[in-house]
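Okay, here we've got a single chain as structure tokens, the form predicted alone, with questions on binding and movement later.
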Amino acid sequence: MNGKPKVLVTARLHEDAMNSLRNLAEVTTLARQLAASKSTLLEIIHDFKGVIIGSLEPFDKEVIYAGDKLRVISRHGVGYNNVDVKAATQKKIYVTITPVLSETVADLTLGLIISVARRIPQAHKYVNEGKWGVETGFFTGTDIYGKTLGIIGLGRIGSAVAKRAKGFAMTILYYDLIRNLEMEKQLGLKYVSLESLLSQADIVTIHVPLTDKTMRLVGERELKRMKPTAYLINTSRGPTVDESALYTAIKDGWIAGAGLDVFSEEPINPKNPLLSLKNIIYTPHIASATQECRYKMSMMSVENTIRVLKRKKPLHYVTS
């Protein structure tokens, strides 16, 4: 026994962050595949004062209440829909997040917008197969310069996307539960209803947390409001979009296509019908996947944990 508090790590952390954590705590690592099993967590959670987790680990009320010694649940990310924050708050357990990924996620969002509008992945695949051609309509895409962008959720990430979109001379509409007058003035944004945004935007991009209110926020009704030439981009959480409705919308031409980094089921089921569509591109939930961003996330998740174990307030936390 070394007297150090025990911390369970299921997220993939940078070695610098792990070394910092080991200076204070006795660290146990667990593969995320195992940590995604509720039964596994229930067996071991009572040993730990802190956990640093990803987005798959099911920290529901039962797991949280089984953690008799738990003082902090540190999310390596900003989404916390896999944590019962209300139960944690009741048990006086901090739930912390790492809001350092906004710029990185915004970069990928713009990448998806450009890629789906200009059909870049399809063109890459075509050339990689040894083909070439200049026939009429050959990989003809659509401009994004000067188009109308609709941002659903103007938080840190949505605001970062808006700043980038100004470089493309885009008209920017946004919908949020809270109006941001400062950003409207700074970037010339226009606050509109969700219905108005959907009907006017050439590109709709989603940047909201996953809650009961945002579950299937974009479904059949919303997709039918969009232009047949419009694209949907989602780098938030998969369940914010009704995937069945999205499949129909793209297949039947309600909208022109989509760019998705997130899905309702992750890893995505190989039989998901969305994978059969040609005018849609996918990435495997990599919006924060840069060396710089993951380093900052690792260091902050550990810093949040260490602060709580030292009986200090963490840098960033959420409550019910």
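When you see a residue number, it is the position in the sequence shown, counting from 1. All of these numbers come straight from a predicted model, not from anything done at the bench.
Not pictured, yet referred to below: the form predicted in complex with a small molecule.
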(message) Partner absent here, but in the predicted bound form, which of 23-31, 251-259, 273-281, 48-56 has residues with a heavy atom within 4.5 Å of the small molecule?
(response) 48-56
(message) in the predicted bound form, does each of 7, 71 and 96 have a heavy atom within 4.5 Å of the small molecule?
(response) no
(message) If we define contact as a non-hydrogen atom of the residue within 4.5 angstroms of the partner, is residue 285 a contact of the small molecule in the predicted bound form?
(response) yes
(message) Test of understanding: in the predicted bound form, would residue 119 fall inside 4.5 Å of the small molecule by heavy atoms?
(response) no
(message) With the partner left out here, check for me: in the predicted bound form, does some heavy atom of residue 79 sit within 4.5 Å of the small molecule?
(response) yes
(request) Answer for residue 302 alone: is it within 4.5 Å of the small molecule in the predicted bound form, judged on heavy atom distances? (result) no
(request) Tell me, out of 101, 152, 162, 203, which residue has a non-hydrogen atom within 4.5 angstroms of the small molecule in the predicted bound form. (result) 101
